[in-house]
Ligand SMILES: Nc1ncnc2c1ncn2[C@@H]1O[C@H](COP(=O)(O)OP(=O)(O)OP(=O)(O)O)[C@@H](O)[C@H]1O
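Just one chain follows, in the form predicted on its own, and it is written as structure tokens.
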């Protein structure tokens, strides 16, 4: 018998669930884990694609291949349909996402003994802020990826609405709740009222293209990229004049989904030229070596780990470990620096929450429950920005990483009821 698989395809992590015996079941997609890193590694020696933790392990162990993460952020862009040769095949990124989703399906079927021909997928409220053409294209791209993964049909549910469904148990009749879903690539909001019998009334949903990877990028540009020569003076080939090193390489190196595109001969040649003509060449030499050794993702993981450390109250001296640049080197992340660099992004998220209220025609004072989901929703600057705007609301953190997939699993039982 065929069942519907609820899939939370995330920028950083993915998860899957379904309904069994009337209750939602979350599926282990890795050994003992219900979340699967949304990452792939094309292993050049084994001639196969690895996914999840195995992809990260292959990268960090130095295996020969190509690592990709943050693929969801490419949806709706021209890069999504650009093809390249990988393991002897010409693939575009829809193929790659489709193969990742096919592996999610395969693992879910192996773990449950079910056959999943249809999918209910989560989606951001907006893939691209205020760009309807790109939003529409992103949904087409994702739909095609599910088709290439072998699903006969797919339907979509806004991710914060799925989280609202999953968190009904923490609300009482009449409560006005706001889901705050801070994901890897987007921040999404659903304003809803709890009705009698556990039903919910969705009043408004809204989203903005700011997520955890944007916080990583901001930290990387401010703290790490200067160590690689960002902002350095470069001499002209002739004469004594200088110019500042172009920012493009550094901006891309700080952006998860763009890192795989930096290892081509043109970028490496540009880095060599910068190092050759740099007034102070030591830092540009680090950039040249990092690209030559393809350590961009190692650096991005280090920045992400530093961000997580800085948001752990038990850590008194958080740092970014940058041993790939200089043996044993660390870069400090003091609280004042974190606040100064990240608060502007958190304020944009808070402003998007206010837009959601405006769409629902309610005031902040009326909201009595804030429900945080998504790993990046645990960041202190985000919590501070929301507390300022909703001082009277009670904050609730459920299973931050499982709320969306739980709601998708619940709704999967009825997602295709209008079909025979």
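Numbering follows the first chain given and starts at 1. As the structure is a prediction and not an experimental result, all values here were calculated from the model.
Below, we refer to the form predicted in complex with the ligand, which is not included among the displayed structures.
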Checklist entry - Do residue 186 and the ligand share at least one heavy atom pair within 4.5 Å in the model of the complex? => result yes
Checklist entry - Would residue 307 count as a contact of the ligand in the model of the complex, using a 4.5 angstroms cut-off between non-hydrogen atoms? => result yes
Checklist entry - Using heavy atoms and a 4.5 Å limit, would one call residue 229 a contact residue for the ligand in the model of the complex? => result no
Next on the checklist: I'd like to check something about residue 72: if you look in the model of the complex, is any of its heavy atoms closer than or equal to 4.5 Å to a heavy atom of the ligand?
Outcome noted: yes
Checklist entry - Okay, which stretch from 267 to 275, 307 to 315, 74 to 82, 321 to 329 lines the ligand in the model of the complex, with non-hydrogen atoms inside 4.5 Å? => result 307 to 315
Item to check | Non-hydrogen atom within 4.5 Å of the ligand in the model of the complex for each of 10, 13 and 375 | outcome: yes
Item to check | Of 97, 302, 182, 138, the one that lies within 4.5 Å of the ligand in the model of the complex (heavy atoms) | outcome: 182
Item to check | Position in contact with the ligand when the complex is considered in the model of the complex, options 177, 296, 212, 207, heavy atoms within 4.5 Å | outcome: 212
Checklist outcome for this item: Contact check, 129 to 161 vs the ligand in the model of the complex, heavy atom within 4.5 Å, ordered by sequence, gives 159
